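Given next, in structure tokens, is a single chain: the form predicted on its own.
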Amino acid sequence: MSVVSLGVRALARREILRYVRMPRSTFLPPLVTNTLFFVVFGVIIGERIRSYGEFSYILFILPGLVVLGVTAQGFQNASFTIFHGRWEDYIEEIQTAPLTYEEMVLAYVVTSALRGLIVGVLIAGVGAIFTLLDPDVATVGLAHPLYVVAFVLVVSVLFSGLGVIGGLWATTFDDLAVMNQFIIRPLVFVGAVFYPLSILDPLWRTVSLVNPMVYMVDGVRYGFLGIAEIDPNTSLVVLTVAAVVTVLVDVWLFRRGYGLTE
């Protein structure tokens, strides 16, 4: 007998089919965007910078771009599907289904996290292609694969959970764009994706440590390259706690009916 209920599987299947059937709007845009990032930063600017320590610049920025893809897609999927369901009034059908609040949140978070993971793998694949095209650059490897898996999983769940909150809070589609484009992406870009923390002045390095993206990027970079400026175990514990708390908040909001009822 399956541990996951039929209702959860049905809702999860519906959500997965929604984005799998529209690859041109779900998977193609982040692929194109990150290909441009690799061309501009990894190839063109990377020709000037060439390396960070023993690693090529394109390998240095790869983990950060993976985090960017995972966070953006996990958040976007959860926030859009929740808000669209509210906008079109079909989320009421989900509420009347024989599902607990925990099961509803589980289905939305897991399917959104899966989309983020798929995009993260695709971005890593694009980065691997770019390293193969340059004979002077080492190919993509995994120094600590378990850390890569752990960090990417936790980050995808965390931002999928935040996406659920965003979808419940938003009142217009513009609100979704504002959250993604003006909050999440800027935090990633100033989260040590394209530069190491060590090059910053002490003041700005301290300020950067307030940004949670720094810990995500640094943790994933440790998994890929084996280098870290922050203890990866501490980062993983903090992010795991944040993910669990966020999912619990999702359940609490669903239970209260926040954003779900007029």
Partner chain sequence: MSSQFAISTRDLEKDYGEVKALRGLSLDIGAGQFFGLLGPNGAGKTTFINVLIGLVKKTGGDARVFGFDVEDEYRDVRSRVGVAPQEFNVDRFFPVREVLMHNAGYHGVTKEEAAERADEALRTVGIYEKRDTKFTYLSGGMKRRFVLARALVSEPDLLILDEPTAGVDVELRRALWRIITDLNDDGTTILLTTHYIEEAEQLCDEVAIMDSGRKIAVASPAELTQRGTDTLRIQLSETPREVPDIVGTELEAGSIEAVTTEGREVVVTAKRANAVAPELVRRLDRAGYRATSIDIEPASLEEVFVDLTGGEDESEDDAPESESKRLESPEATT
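Numbering follows the first chain given and starts at 1. Remember, it's a predicted structure, so these values are computed and weren't measured experimentally.
FYI, the form predicted in complex with the partner chain isn't displayed, but the following is about it.
The partner is absent here, but in the predicted complex a heavy atom of 94, alone among 126, 94, 110, 117, sits within 4.5 Å of the partner chain. Contact with the partner chain in the predicted complex holds for all three of 84, 103 and 260, each having a heavy atom within 4.5 Å. In the predicted complex, the partner chain sits within 4.5 Å of a heavy atom of residue 90.
Looking at residue 130, you'd find every heavy atom of it more than 4.5 angstroms from the partner chain in the predicted complex. Contact check for residue 24: every heavy atom lies farther than 4.5 Å from the partner chain in the predicted complex.
Contact between residue 147 and the partner chain in the predicted complex is not found at the 4.5 Å heavy atom cutoff. Checking 152-160, 68-76, 173-181, 95-103 against the partner chain in the predicted complex, the stretch whose residues place heavy atoms within 4.5 Å of it is 95-103. Using a 4.5 Å cut-off on any heavy atom, the residues of 9-39 that reach the partner chain in the predicted complex are, in sequence order, 10, 11, 13, 14, 17, 18, 21, 22.
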